[in-house]
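Subsequent text provides structure tokens for two forms of one protein chain, presented individually as structure 1 and structure 2.
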Structure 1
Amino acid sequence: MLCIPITADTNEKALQDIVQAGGEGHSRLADVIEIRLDYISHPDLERLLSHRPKPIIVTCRPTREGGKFDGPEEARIRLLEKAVELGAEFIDIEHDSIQHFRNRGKSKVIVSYHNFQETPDNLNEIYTRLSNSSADIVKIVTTAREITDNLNVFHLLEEVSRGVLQYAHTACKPVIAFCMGELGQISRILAPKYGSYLTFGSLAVGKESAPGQLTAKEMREVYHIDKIDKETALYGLIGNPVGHSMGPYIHNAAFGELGINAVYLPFKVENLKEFVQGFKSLNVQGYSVTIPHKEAIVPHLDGLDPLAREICAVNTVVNKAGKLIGYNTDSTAALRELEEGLGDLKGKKVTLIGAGGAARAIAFGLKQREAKITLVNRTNEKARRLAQELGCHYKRFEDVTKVDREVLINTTSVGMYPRTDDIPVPLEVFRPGMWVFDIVYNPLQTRLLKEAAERGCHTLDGLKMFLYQAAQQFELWTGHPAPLQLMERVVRERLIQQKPK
């Protein structure tokens, strides 16, 4: 179930949000609505509960547990007891206050534990303690400091779902569990897969009740949370940052189009080794790999496709019977777009900006097509080392304007959303008639491409490369042809929505 918290600061605004959250049919967002009384200065419970469109959780969170209520504890308890008298389906009360809560009537009681500092290792012990209370449902919400913290929550949910945590005087009670913060977003999405009683999504951006809360619309329309179950296959993007990526939009749309029970998630990864080892327990079926991990992931894999082995960089991982095999679809995708625009690349003088995994993949493809490559990078030593490996030329970044070129390719993330005013090279590099290819696709028209076009250059944006490499990933993972037209439409619509009004 998806619960929408109401965080309005007046009764009137709260009532409006309740109606919006509980809409029927295609407009339905919430399965359950949580009214946060601590956000409202003078809550009118009778009005708030009189015409509720969905089951209601009444919560009045004190400041010590991350809420806004700073009045007397007795007054807070009285508010919750009044909600019981008015027929609220659920009451949420803190683990250190439940002993003072007497009047429960027919309402189900949720006992809550919040940790805004970390995800402790003893979640089972915390669950045991809370489960031994008089509550009907246990809620444990922690903060993810590392993406692997989510694994502790998944493990707890799985054990409760299997009935492993049983005690002499009580059976396992239903549990709500997930992590807060950006690194905990995946646990909010995957809550249904691992057996959480419900999860939370905000009514809109700016109406969140906790850090890392996605909107209910995104949960339903992008991640299809109402279709996630224990059989849902997992895929995702390994990178840092990942918030800009269109991967979740196109791959989840493609899964939905073909009726594949799968979900694609953004994994913001800092410690790559710990992530790869830890997430093997989730049996993730495939990964996309982006900056800065395309080269670093190679030693953590069980094998490489021949092309990826030659390039020594990976942007795709396929789980084959528990073995993680690396592929590179960047090279073929980039060369396909270049050849569609320029035709034969043999003998073309190409200046390649960057020396990371994408540069390595594109340079390898250009070398196969006998282009004349010069590498340039802000860190000159990286360009020199890569040039030695590939057997091509390199120049110091300060000399980029002196290089004779017909084609300029930016393989760095410079100019990518949200830093759209950045440009990877000085304007003096542009010459009328030359080709400029920017692999950045968000935004489509980067500053590099705008400046180049204004100076008489031909330009190629990064969208086709992104789509071609993603389609090949999808086919490697699923064995099905990728719905390329759908994927392109989804990206273009998303980019339009993202533009500043």
Structure 2
Amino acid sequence: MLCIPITADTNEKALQDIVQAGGEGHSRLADVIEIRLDYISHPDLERLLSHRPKPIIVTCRPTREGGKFDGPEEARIRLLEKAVELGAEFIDIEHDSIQHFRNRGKSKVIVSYHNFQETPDNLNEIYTRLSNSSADIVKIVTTAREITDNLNVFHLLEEVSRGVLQYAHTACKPVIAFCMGELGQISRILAPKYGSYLTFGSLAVGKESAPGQLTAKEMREVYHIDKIDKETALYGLIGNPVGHSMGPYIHNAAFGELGINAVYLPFKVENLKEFVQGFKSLNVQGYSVTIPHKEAIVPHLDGLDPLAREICAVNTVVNKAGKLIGYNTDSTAALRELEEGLGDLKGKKVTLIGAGGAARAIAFGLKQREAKITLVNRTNEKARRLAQELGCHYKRFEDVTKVDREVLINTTSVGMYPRTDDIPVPLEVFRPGMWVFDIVYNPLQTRLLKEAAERGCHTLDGLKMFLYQAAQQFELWTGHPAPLQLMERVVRERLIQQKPK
């Protein structure tokens, strides 16, 4: 079940939000609505509970548990008891106040524990202690300081689902458990897979009741949480940062289109070794890998496809019967886009700007096609080393205008959103008839491509490469052809939405 918290600061606005979250005439957003009384200065409970389009949780969180209520404890308990009298379906009460709460009527009581510092190791103990209270449902919300903290929560949920934490005198009580913060978002999305009683999504950006809360719309429309169940296969992106990635949009749309029971998640990873080891327990079926982990992930894998081994960089991981195998689909994707534009690359004089992960992948592909490559990079030494590996030329960054070329490829992040006025080379490099390929795809028309087109060059943007590498990834994971047109539509829509107004 998806619960939308109402965080308006007046009764009037709260009533409007309740209607929007669950009222008729709107597309389905909430299964349950939580009214946060602590956000409203003078809550009018009769009015707030008079129209209940969905079951209501009434919460009045004190400041000590991360809420806004700083009045006397008795007044707070009285408010909750009044909500019971008015027939609220659920009352949320903190673990250190539940003993003062006696008048529960027909309402179900959620006993909650919040930890804004960390995710402790003893979640089972906390669950057991909270279960021993008179509550019907246990809620445990912690803070993810590392992505692996989510594993503690999944473990707790699984044990509760399996009835392992049952005592002699009580059955396992249902539990709501997830981690707060950006690193905890995956636990909010995977709540239905591991059996959390419900999960939260905000009514809109800016209306969150806790850090890391995604919007209800995103939970439903991007991550398809209604379709997530025990059997849902896991995929995701390993990177840092991952917040602006297109991966969740295109891969989840593709899974939905093909009716594949799978979800693709953003994994913001700092400690790669701990992540790869820890997440083996979730049996993740495939990863995309992005900045800064494409080269660093190699030693943590069980095997490499020959192309990835040659390039020594991985952007795709496939779980083959528990073994993690690395692939590189950047190379094939970039070369496919280039060949669609230019035809045969044999003997073509190509200047490649950059010497990072993407540059490696493209340079190896160009070498296979027998193009004449010159590498140029801000850090000259990196260009020199890569040129040595490849057996090609390199030039100092300052001398880029002196290179004779037919094709210029930018593999640096220069010009990428939000620094869209930046350009990686001086304008003198352009010659009419030259091909200019910028692998940056946000924005689609970078300043490099705009200046090049104005000077009579042919241009290629990074969109097709992005789509081709993602499609090949999808095919390696699922064995099904990727719905390329749908993926392209999704990326274009997202790029338009991300444009600064």
Ligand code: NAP
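Numbers given to residues start at 1 and step along the sequence of structure 1. Keep in mind the model is a prediction, meaning the values are calculated, not measured. Just so we're on the same page, rigid core means the largest C-alpha set that superposes within 1.5 Å between forms.
- Here the chain appears twice, and structure 1 is the form predicted alone.
- Treated as two rigid bodies, the chain between structure 1 and structure 2 differs by a rotation of the smaller body against the larger of 10 degrees.
- Its Cα shifted by 4.3 Å between structure 1 and structure 2, D421 is reported here after superposition on the rigid core.
- After superposition on the rigid core, the Cα atom of E406 is displaced by 3.4 Å between structure 1 and structure 2.
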